[in-house]
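We begin with a single chain expressed as structure tokens, specifically the form predicted on its own.
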Amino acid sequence: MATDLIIIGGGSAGYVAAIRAAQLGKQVICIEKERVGGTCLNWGCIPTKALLESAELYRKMAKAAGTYGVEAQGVTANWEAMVARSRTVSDRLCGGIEFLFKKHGIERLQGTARILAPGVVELTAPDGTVSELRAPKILIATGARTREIPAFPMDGKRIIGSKQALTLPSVPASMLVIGSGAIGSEFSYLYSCLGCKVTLVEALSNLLPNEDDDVSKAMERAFKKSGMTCLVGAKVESVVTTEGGVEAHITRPGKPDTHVQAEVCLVAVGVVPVVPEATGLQLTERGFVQVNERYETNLAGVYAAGDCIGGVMLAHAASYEAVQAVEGMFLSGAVPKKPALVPGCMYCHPQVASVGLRERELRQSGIAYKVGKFPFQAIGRAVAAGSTDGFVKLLFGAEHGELLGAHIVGEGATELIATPQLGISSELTDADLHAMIFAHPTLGEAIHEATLAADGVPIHA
């Protein structure tokens, strides 16, 4: 069977690459082991956010309804119904991708692929049937999976990864979460909302270590206020299963060893690439597929995009890379680009979103800068909504006022971040943002006030 492009993997990179190639008039085969949509739609971004919406609604109704003048008695959390809703949301969106495949004439094959040689792919179907496919172009888009640590081997029941955390049979009374990145923090907040006693452990000195330091400190305060136990600068030496759950041995410099018991342990310490078998394929030292500036591997006509090549390992970055790779393959004169300005988002409460440089990076680089920071508690829309936690923090170049970075903690942060992202990519300055008229009352006014604060002239502070 011959075609123009064979894509191995149907996730955020794979399915987007398939659609873009079809838009360019190419015949496409997409091979996926499970359902199209990959981790993001099936077992990651989408079902997680659906569960977080349910948990946040429950938290507001059970604990905060009275502050809105709403009387609500007997509010309970039905975990099974929440999980069922999250799976329905996931199924709906995956069904949408399947519809788009049909619309664009993309052939989807289920099974495991391996690259025998440039232009040749062997497909093993679920029933064991083996067939050979040929195409002048092959795109590897196989993503990544949860990193497993020998000191706490996952069994899927007591020691689990993010996939199992989405469908636990019930909400455990207690949970140990190892790693405070987006996955660990979101699940910590989710289960804490539902009454689970959560202990969140981070090996580095701050929670959310990839965020700006002010963001990390604000989120640690918020998590502790919600009832979580947060251990930073802590190393989990081992996790063993017990009759009632797990027991972890945790060490911290200058402090006595700690032993934490919990019903379940969630391991959220990053991911490792998934790479298909391919004779002669060159990998990096960390096991990612090595590509050049055009996303091409060392095998002629074989390309790769998404989490399997490392870099910024987010769904929206993977989709961007996929489009760049495909256009580089099939559009004459196209010069593929690598992700340069990728926003990061976290959907617990309060939300976190960031883009561009962090303040510590500016200090380390010796770049002169100025900071504008403004709290949501002084924004009318936030007060009316009862969502005053957090702030907007903007970083500008000291000499020219160019926007260099944005860090937001608070309600709607993941939506608000698009404005400063556009500002950075368009090379806007503080003067440009001063001149904008932000609608009132909106949360976006905090961006305007933070800009004014950078020059010492905020209106509402």
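Because the structure is a prediction, the values reported are computed rather than measured. In this text, residue numbers run from 1 along the sequence as written.
Same protein, other form: the form predicted together with nicotinamide-adenine-dinucleotide (NAD), not shown, and the subject of what follows.
Evaluate M175 for contact with nicotinamide-adenine-dinucleotide (NAD) in the predicted bound form, applying a 4.5 angstroms cut-off between non-hydrogen atoms, and reply yes or no.
-> Output for M175 is no: heavy atoms all beyond 4.5 Å of nicotinamide-adenine-dinucleotide (NAD).
Non-hydrogen atom contact F288 with nicotinamide-adenine-dinucleotide (NAD) in the predicted bound form at 4.5 angstroms | F288: no, not in contact with nicotinamide-adenine-dinucleotide (NAD) in the predicted bound form.
Is E202 a contact residue for nicotinamide-adenine-dinucleotide (NAD) in the predicted bound form, using a 4.5 Å heavy atom cut-off?
-> Yes, E202 lies within 4.5 Å of nicotinamide-adenine-dinucleotide (NAD) in the predicted bound form.
Can any non-hydrogen atom of Y347 be found within 4.5 angstroms of nicotinamide-adenine-dinucleotide (NAD) in the predicted bound form?
-> Contact with nicotinamide-adenine-dinucleotide (NAD), yes.
Sort through 268-276, 364-372, 109-117, 81-89 and report the only stretch with a non-hydrogen atom within 4.5 Å of nicotinamide-adenine-dinucleotide (NAD) in the predicted bound form.
-> The contacting stretch is 268-276.
Which pick from G184, G356, P336, G143 sits with a heavy atom within 4.5 Å of nicotinamide-adenine-dinucleotide (NAD) in the predicted bound form?
-> Selected residue: G184.
Identify which of M313, L123, C230, L299 has a heavy atom within 4.5 Å of nicotinamide-adenine-dinucleotide (NAD) in the predicted bound form; exactly one of them does.
-> Comparing distances to nicotinamide-adenine-dinucleotide (NAD) in the predicted bound form, the residue within 4.5 Å is M313.
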